[in-house]
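Just the one chain here, the form predicted on its own, laid out as structure tokens.
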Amino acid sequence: MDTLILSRIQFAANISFHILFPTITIAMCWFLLYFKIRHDLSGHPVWMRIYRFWVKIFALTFALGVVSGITMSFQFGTNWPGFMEKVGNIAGPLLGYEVITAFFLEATFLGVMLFGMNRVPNWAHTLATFIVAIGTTLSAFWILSLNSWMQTPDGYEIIDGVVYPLDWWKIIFNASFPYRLMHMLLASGLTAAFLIAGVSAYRLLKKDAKLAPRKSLKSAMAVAAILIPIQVWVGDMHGLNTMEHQPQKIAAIEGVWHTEKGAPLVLFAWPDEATKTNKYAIEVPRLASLILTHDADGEIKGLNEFEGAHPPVKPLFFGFRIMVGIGVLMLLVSWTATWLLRKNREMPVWMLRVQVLMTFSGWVATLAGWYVTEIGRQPWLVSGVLKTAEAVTTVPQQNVALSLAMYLVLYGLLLAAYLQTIFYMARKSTEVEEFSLSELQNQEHTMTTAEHRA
């Protein structure tokens, strides 16, 4: 493989590893704020126990996200020097705002969150949790703004081959930014919800009789059940926006080879770029046009209109279906779990096992969606401005191959350690927490009796 392909694989590996952790922390911090406020309002110790357990996982995840983000930034210089040379006047400030947000806002108040629980007033600790939640969301805001600008650039001019900003409002709030940001924030909410539910279900399967895993599982499933329909609605708007600004990406996602009206929705097929057909296709007539244009006879541009300038079809076609398939599973699991909890107040063992299997389903859906987004921009690095091949380094391919191998080994080890640590903490929590369910029920009974007597 040449330097271009190796560099693309290396960046894909880096960004795939990195995105796993912010996808959790962006929403996890809002869960932590919810647990903290529930404790402040009710005084019930179980909410603080839930907070203490998940804040440790948040800190571990946050640390890995920061470290992997730094190595990813290095690659702009080592593997993609043309990127900063061409669009550095726009990418530099947006990345700088993200770093300022991450290090000066998140990192500062994260210290208060982790170590200030008994050292600062309770209101200050809750405020620190809120500020860290704001900080993680703002970090996502800046990164998604840059990424969206690379998809739908606006507010710039090109002088002597270099991009200069003309209108920062148009740059930051470019055409695809609102949809991309909302889609990512909701994906983060679902990823964190299924992580909390999966680990809590794991604790219950390990015969953890405490109230904490029950409360956290119930909260996570309720959030997921609410977020999934919103994500479907946002995804629909995101699709309409993509069809308007990046029709070649939609054509690849849907496997539409020739422009047609009343296009069918291809549920499954094997896209063949050589013959420009979908083999073994299972289709629903006119449904793709109905979904994408809100008209059963609506027209969808085919890949034939972007000959030589459209993304590879298979990664987008299958990546999109994996993302949607995981989303459907999330919907079924969260709604079924919420219904079972309302009906029986206890989660059956089979559902606990399903939730453990779904612990990292958010990661799978996020990565699949991310590949659709990033590969769908090809062959452009910045749509219509800079091609990927124009930005790559001239470093010999052997050097890139060596660093790629080192990254893959390191990321594999770190990911295995991260997963083992989370489940070790889950198992350990069943041994070290003091309050059991019966103790808490006795405590609640005592408090109720005392109130009656009063």
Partner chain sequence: MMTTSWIVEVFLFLMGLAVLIYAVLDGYDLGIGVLLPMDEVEHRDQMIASIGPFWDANETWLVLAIGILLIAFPHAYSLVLHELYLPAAILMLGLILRGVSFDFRAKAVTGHRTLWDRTFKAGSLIASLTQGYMIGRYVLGFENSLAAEAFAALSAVCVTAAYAYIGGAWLVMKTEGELQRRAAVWARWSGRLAAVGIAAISIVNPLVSSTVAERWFSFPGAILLVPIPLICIALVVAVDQYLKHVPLQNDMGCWFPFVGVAALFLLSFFGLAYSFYPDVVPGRMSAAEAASAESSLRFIGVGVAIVLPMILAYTAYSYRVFWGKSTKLKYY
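Since the structure is predicted, the reported quantities are computational estimates derived from the model, not experimental observations. Positions refer to the first chain, counted from 1.
The same protein also exists as the form predicted together with the partner chain; that form is not shown, yet it is the one meant from here on.
Engineer: If contact means any heavy atom within 4.5 Å, which of 107-115, 304-312, 219-227, 181-189 contacts the partner chain in the predicted complex?
Structural biologist: So the stretch in question is 107-115.
Engineer: 156, 270 and 294: each with a heavy atom within 4.5 Å of the partner chain in the predicted complex?
Structural biologist: Negative, none of the three is within 4.5 Å.
Engineer: So in the predicted complex, does any heavy atom of residue 420 sit within 4.5 Å of the partner chain?
Structural biologist: Heavy-atom contact with the partner chain at 4.5 Å: present for residue 420.
Engineer: Taking heavy atoms and a 4.5 Å cut-off, does residue 119 contact the partner chain in the predicted complex?
Structural biologist: Flag for residue 119 set to yes.
Engineer: With the cut-off set at 4.5 Å between non-hydrogen atoms, does residue 97 touch the partner chain in the predicted complex?
Structural biologist: Residue-level check for residue 97: yes, a contact with the partner chain.
Engineer: Report yes if any heavy atom of residue 403 sits within 4.5 Å of a heavy atom of the partner chain in the predicted complex; otherwise report no.
Structural biologist: So residue 403 counts as contacting the partner chain.
Engineer: Note which of 348, 325, 81, 379 lies within 4.5 Å of the partner chain in the predicted complex, where distance is taken over heavy atoms; exactly one does.
Structural biologist: That would be 81.
Engineer: Of 244, 236, 299, 85, which one comes within 4.5 Å of the partner chain in the predicted complex, counting heavy atoms only?
Structural biologist: Exactly one listed residue reaches within 4.5 Å, namely 85.
Engineer: Select from 369-403 the residues with a non-hydrogen atom within 4.5 Å of the partner chain in the predicted complex and write them out in sequence order.
Structural biologist: Heavy-atom contacts to the partner chain in the predicted complex: 393, 394, 395, 399, 400, 402, 403.
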